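What follows is one chain in structure tokens, specifically the form predicted alone.
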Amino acid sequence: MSRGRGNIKDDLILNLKVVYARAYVRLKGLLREPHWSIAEVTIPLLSLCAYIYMYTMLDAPIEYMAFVIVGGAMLAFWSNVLWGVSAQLYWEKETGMLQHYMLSPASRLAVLLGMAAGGALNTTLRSISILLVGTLLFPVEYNLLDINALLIVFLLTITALYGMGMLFASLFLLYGREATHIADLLQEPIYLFSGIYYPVLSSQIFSQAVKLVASIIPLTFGIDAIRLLLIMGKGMEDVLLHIVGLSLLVAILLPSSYIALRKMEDVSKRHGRLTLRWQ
């Protein structure tokens, strides 16, 4: 029995080291190339400015400026999920590193968790920067009354988003030879249905069918709830539906990502389809 416990402990320590190693690379890259951060903050701000000026010309309510800034800050997470997690294993395959992951005694899930953790911390800093700069540039007002609800919604949103990213990481390898093309295909629909620059779930413009489709995306629930809490001054009871929806997405996406990862491992070990270049 003691030997079995020792093996479990050793495996746990090994996987925690892998998570730390993969997260460390993301954080170290942020510090090693600080000028990248300037570009990653400045370029999204240009899109924010375009939408804010458009709403200003249309005499939209002033809170729409804050809607755009919050949506733009959260957009950084989707970009990181799509390119920093979902397409990562495909890129590792292209550079010849995927074989090492498959042969490693560590869990492949630990590798993806490390990528997700490092990417989440890295992107949080970039998202906060976008939020702060946007707030300084434009006359927006926030009305936060329940910071605990905001933290719960934010953590659930990030967990669900990166769970989706880990799921896509395996699916891109299993069902798509060109992960970058799939990522490009997903990008614009997400912008439309998640309500990056306008409210979706709390709006009366969209039909219930559109809202139902949009609810599949964690970003839709997250942005809408954050706007209600941070801008509209709502409380926990006003975003309970959002919290329930995000919790369900977390409960679905995380196990699904594990199942897809095991399926990817099984296919690669049995047929070599994910570690060899087939013509």
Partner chain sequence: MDREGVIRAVVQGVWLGWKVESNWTNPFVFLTYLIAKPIASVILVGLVFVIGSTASSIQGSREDLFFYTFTGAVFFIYPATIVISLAYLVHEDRAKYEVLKHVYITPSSIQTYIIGRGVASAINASVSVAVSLLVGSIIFSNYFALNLPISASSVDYLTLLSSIPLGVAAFISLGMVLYSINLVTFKLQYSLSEYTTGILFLLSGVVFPPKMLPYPISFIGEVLPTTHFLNVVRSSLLGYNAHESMAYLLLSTILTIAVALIFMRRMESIARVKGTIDRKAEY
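These figures come from a predicted structure and were not determined experimentally. Numbering follows the first chain given and starts at 1.
There is another form of the same protein, the form predicted together with its partner chain; it is not shown, and what comes next is about it.
- Site annotation in the model of the complex: the residue of Ala209, Leu136, Leu145, Ile205 reaching within 4.5 Å of its partner chain with a heavy atom is Ile205.
- Distance criterion of 4.5 Å from any heavy atom to its partner chain in the model of the complex singles out Cys49 from the list Leu254, Met232, Ile243, Cys49.
- From the list 215-223, 245-253, 37-45, 232-240, the contact stretch for its partner chain in the model of the complex under a 4.5 Å heavy atom rule is 37-45.
- In the model of the complex, its partner chain stays beyond 4.5 Å of every heavy atom belonging to Glu141.
- Put simply, Leu132 is far from its partner chain in the model of the complex: not one heavy atom of it is within 4.5 Å.
- Although the partner is absent from this view, Ile128 stays clear of its partner chain in the model of the complex, with no non-hydrogen atom inside 4.5 angstroms.
- Among residues of the shown chain, Phe172 is not one whose heavy atoms approach its partner chain to within 4.5 Å in the model of the complex.
- Contacts with its partner chain in the model of the complex, taken as any heavy atom within 4.5 Å, map within 48-64 to Cys49, Ala50, Tyr51, Tyr53, Met54, Tyr55, Thr56, Met57, Leu58, Asp59, Ala60, Pro61, Tyr64.
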